[in-house]
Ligand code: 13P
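Okay, so here's just one chain, in structure tokens, the form predicted alone.
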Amino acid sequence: MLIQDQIKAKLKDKNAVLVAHYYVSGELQILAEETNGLVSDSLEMARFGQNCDADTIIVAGVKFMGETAKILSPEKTVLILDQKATCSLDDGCLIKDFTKFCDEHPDRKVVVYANTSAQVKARADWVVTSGSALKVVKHLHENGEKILWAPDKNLGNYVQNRIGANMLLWQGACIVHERFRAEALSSLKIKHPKAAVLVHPESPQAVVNLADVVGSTTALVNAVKNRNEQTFIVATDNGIFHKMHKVAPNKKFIEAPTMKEGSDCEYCAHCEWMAMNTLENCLDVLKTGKNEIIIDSIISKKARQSIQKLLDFTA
């Protein structure tokens, strides 16, 4: 029996649902959609798990995504495919250091990106996504609030430049998006003058400045579907190309360069932790129940309040 068929049978037997991020392998994305799961960004994955009738949520992504799913569905079992699959933004914003940073600036509203631990979310006033950050910060700024932002400095800088808010930025970065290079991207644009440049706002400002579209993973997928250009240069994790090819099969996608021209790896934008998600460990967790996400109930409750504030605001 094919491994995909074994997984499908286990999902059915356990009344489990598979949710997958855009950045995991195409095999897992296909499997999620074929089993009535979801391929999306981290918050929508968690909301889907919350609203479906499954008893168990299998998260193909990284650890903070599993935690977010558990926060919104505390009564359900949440399993991730690999306990070692983490995120540089999450790892670079430890709760002890972050708490000290917040305590040093008690006059500021604490706004954290979804790519953070449950503990950091619990310490925050607001949790935001890349798609909602501008709207939330604009609202706070218009109400006279000063903001403490964490953890992604590039996304924070993008929001600050757009809104003009008073923002104190934690100095974290995504190891994938931080690698994109504006000089090499400019050269690539010359080679493909009719291409639209799509950039995730976790990228450096110089790269963002070259974009035709700046947006979340979902926004970038929608851009290739809705825009008239036939060629796109894409500055985000190349795992997203699977979904882009699906929604726009006749269009061409080019990876934005992550190194200087002439380097051995000019195009290598893929998260090493996302790559840890495989069909084999998906089947393994379904068989064994390992890699379950457990969160302290007090932390979970506080984190849910910060997330719910966003959900209510963007409803």
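One rule holds for the numbers: they count along the sequence shown, beginning at 1. The structure presented is a predicted model; accordingly, all values stated were derived computationally and were not measured.
Not on display, but discussed next: the form predicted in complex with the ligand.
*Asks:* The chain here is shown without the ligand. Which stretch in 185-193, 212-220, 92-100, 143-151 comes within 4.5 angstroms of it in the predicted bound form, by heavy atom distance?
*Replies:* Of the options given, it is 212-220.
*Asks:* Answer with yes or no whether Asp41 is in contact with the ligand in the predicted bound form, where contact means some heavy atom within 4.5 Å.
*Replies:* Output for Asp41 is yes: heavy atoms within 4.5 Å of the ligand.
*Asks:* Whether His177 contacts the ligand in the predicted bound form should be assessed with a 4.5 Å heavy atom distance threshold; does it?
*Replies:* Yes, His177 sits close enough to the ligand in the predicted bound form that at least one of its heavy atoms falls within 4.5 Å.
*Asks:* Using 4.5 Å between non-hydrogen atoms, is Ser117 touching the ligand in the predicted bound form?
*Replies:* So Ser117 does not count as contacting the ligand.
*Asks:* Can you tell me if His200 lies within 4.5 angstroms of the ligand in the predicted bound form, counting non-hydrogen atoms only?
*Replies:* His200: yes, in contact with the ligand in the predicted bound form.
*Asks:* Can you tell me which bits of 1-33 touch the ligand in the predicted bound form, meaning any heavy atom within 4.5 Å?
*Replies:* His21, Tyr23 sit within 4.5 Å of the partner.
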